[in-house]
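Take a look at this one chain, the form predicted alone, written out in structure tokens.
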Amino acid sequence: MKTLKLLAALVCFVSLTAFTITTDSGYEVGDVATDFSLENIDGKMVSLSDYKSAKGFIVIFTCNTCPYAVAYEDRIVELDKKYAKKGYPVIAIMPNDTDVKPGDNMQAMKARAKAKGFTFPYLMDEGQKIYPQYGATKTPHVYILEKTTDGNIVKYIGAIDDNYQDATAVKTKYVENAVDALLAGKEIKQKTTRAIGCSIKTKK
């Protein structure tokens, strides 16, 4: 009897521990993503709920200073141009602590967006409260959300494609494939990939 009670307690502990780890590590595919209100480079606050006609969102944690993020800028612009009109706009969020990375401050964000012709909101994660909710660890790190009656459901997490160095050498366009599947009402074949990029910068 004591052995059974001990096993039961152990199972309970493991279950609670596993739950805690899952929660602390951010969203998984199938989770409902909560909305946010973050400052855009134009000074306005932006929320997902502002996009009344959207079918979903391509949320990308990115920045000015990471070479990986910079390498993907043109491709991010193209994603927005291709999918915003189809109901899946890009929402870019800068998650770094600007005391650690001054090159990612709001003025630098404004300048970068103007220089690269960003067609999407570029938001500051002030206080670094949103990226931990999502579980983002890199720049860039993508979360595709589908708007449903139950909320914004996470449908894909990971990289934009399989070659950050050379857009012309890409073999698999993870984000495009995922959004195309959602638009066609089909199951996404590859729902998670490993995000390749720089670590998100925080104070130690």
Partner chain sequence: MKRLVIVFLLILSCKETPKAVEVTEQLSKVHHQGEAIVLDIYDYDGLEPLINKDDGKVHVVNFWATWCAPCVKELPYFEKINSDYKNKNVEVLLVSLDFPRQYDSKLKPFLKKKNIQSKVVCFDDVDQNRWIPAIDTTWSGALPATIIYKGNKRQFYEKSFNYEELETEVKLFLN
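The shown structure was predicted, so the numbers you read here are calculated from the model rather than taken from an experiment. Residue numbers count along the first chain shown, from 1.
Below, we refer to the form predicted together with its partner chain, which is not included among the displayed structures.
The shortest heavy atom separation between Asp50 and its partner chain in the predicted bound form exceeds 4.5 Å. With a 4.5 Å cutoff on heavy atoms, Asn40 does not count as touching its partner chain in the predicted bound form; it lies far away. Contact check for Lys189: no non-hydrogen atom falls within 4.5 Å of its partner chain in the predicted bound form. Mapping the unseen interface onto this chain, Phe57 falls outside it, with no heavy atom inside 4.5 Å of its partner chain in the predicted bound form. Note on contacts: among Thr34, Thr148, Asn177, Gln165, the single residue with a heavy atom within 4.5 Å of its partner chain in the predicted bound form is Gln165. With the partner omitted from this view, the residue of Tyr134, Tyr122, Tyr72, Tyr88 that lies near its partner chain in the predicted bound form is Tyr72 [heavy atom within 4.5 Å].
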